[in-house]
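Just the one chain here, laid out as structure tokens, in the form predicted alone.
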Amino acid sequence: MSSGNAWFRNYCLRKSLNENSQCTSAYRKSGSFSNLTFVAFCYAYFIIMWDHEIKAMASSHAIIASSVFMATVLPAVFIQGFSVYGTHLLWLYSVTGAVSVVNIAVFWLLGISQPTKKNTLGYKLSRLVRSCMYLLLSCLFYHTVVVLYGAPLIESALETFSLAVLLTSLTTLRCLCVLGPNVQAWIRVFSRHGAMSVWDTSLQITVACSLIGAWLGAFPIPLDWDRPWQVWPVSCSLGSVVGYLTGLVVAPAWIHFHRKQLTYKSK
């Protein structure tokens, strides 16, 4: 057997062991598998599983994106005078709540979060408390960063903190849903070549798009156009939401078209 086939066979076997796939059990149970058959079987299995993950990701992202749409449309039906500009804080918290609830529900149903070593009630409560603490610290962190970038310190403090809450729901909450309250895992994912799954790559893309959108949204504020969307923090929150939605669309497509270059290794 050539060295190339040997490498690919060993790669498939490692991937199978890492993912506990049916490919490994089939290979162990059947001693009649030839090397070529093994490689073909593993390759077909991974293609099927890869497509399944991409479809699951695209479907979950579509559901999350629809929650933003519903959070914008439904309040206008029940609340008189509701608008993105006129009642911006109300819209902001509507989107924050919808995205948070749907994210938690979707990722819990898909079972994306990393498995825990303990299943005791005390350990679960400890993870819940740590997650809440991370969310609070994230809000304070974003608030501080936005103020350092030029937002009013005292005036419009409520608006600034509301933007921080929105950014937390778009970034930190998703990190908690995928990685749990594990700082080391967060550092790994956002380091170079740190992604270990398609969901890690999706997390990188959506978080980056959300933050870039919020940053770009600040550019029109100082202009003397006197538009309602230039009032603080309308353009920044709109930019972060648009960036988040862009990340939801781009992530599955980018992963699909770059699947040949993406090789996830166990670390």
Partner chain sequence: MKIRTSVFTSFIMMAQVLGIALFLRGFFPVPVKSSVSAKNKLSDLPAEPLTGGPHNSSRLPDPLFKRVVIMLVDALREDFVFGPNGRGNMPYTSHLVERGSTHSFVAKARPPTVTMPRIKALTTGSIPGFIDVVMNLNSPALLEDNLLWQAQAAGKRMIFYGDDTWLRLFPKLFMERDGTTSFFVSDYTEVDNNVTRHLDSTLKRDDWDVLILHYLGLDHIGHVSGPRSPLVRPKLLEMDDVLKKIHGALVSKETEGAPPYLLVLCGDHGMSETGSHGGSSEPEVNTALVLVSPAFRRKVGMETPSVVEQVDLHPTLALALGLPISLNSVGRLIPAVVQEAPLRDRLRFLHLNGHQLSCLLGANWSVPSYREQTQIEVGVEQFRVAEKAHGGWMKLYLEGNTSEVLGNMGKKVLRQYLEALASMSSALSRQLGKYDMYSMVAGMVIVFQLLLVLLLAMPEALSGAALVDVPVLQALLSLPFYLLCLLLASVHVLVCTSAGSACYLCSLSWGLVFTAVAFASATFCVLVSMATRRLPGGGGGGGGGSGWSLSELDILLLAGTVGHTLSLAASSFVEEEHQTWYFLLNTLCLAVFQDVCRKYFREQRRPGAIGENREHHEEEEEEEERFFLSPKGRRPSDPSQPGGDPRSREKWLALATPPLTLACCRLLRTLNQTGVQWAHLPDMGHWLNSSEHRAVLSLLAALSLVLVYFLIQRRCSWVSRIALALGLVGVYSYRAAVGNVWFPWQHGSQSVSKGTVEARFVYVFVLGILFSGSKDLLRSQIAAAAAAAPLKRRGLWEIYSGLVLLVALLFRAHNLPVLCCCLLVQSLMARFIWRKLHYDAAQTTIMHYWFGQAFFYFQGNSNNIGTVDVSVGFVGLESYVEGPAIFLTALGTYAGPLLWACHLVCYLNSESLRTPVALGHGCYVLALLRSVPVAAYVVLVTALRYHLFIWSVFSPKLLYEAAHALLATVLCLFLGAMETAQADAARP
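These numbers were taken from a predicted model, which means no experiment stands behind them. Residue numbers count along the first chain shown, from 1.
There is another form of this protein, the form predicted together with the partner chain, and it is not shown here; the text below is about that form.
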- request: State the residue from 102, 151, 177, 135 whose non-hydrogen atoms include one within 4.5 Å of the partner chain in the model of the complex.
  value: 151
query: Pick from 90, 147, 110, 74: which has a non-hydrogen atom within 4.5 Å of the partner chain in the model of the complex?
result: 147
query: Just to confirm, residue 229 within 4.5 Å of the partner chain in the model of the complex by heavy atoms?
result: no
- prompt: in the model of the complex, does residue 123 have a heavy atom within 4.5 Å of the partner chain?
  reply: no
- prompt: Within a 4.5 Å heavy atom cut-off, is residue 129 in contact with the partner chain in the model of the complex?
  reply: no
query: Is residue 80 close to the partner chain in the model of the complex, meaning a heavy atom pair under 4.5 Å apart or at it?
result: no
statement: Within 4.5 Å of the partner chain in the model of the complex, heavy atom basis, the matching stretch of 152-160, 168-176, 102-110, 80-88 is 152-160
- prompt: Does anything in 223-254 come within 4.5 Å of the partner chain in the model of the complex by heavy atoms, and if so which residues, in order?
  reply: 223, 224
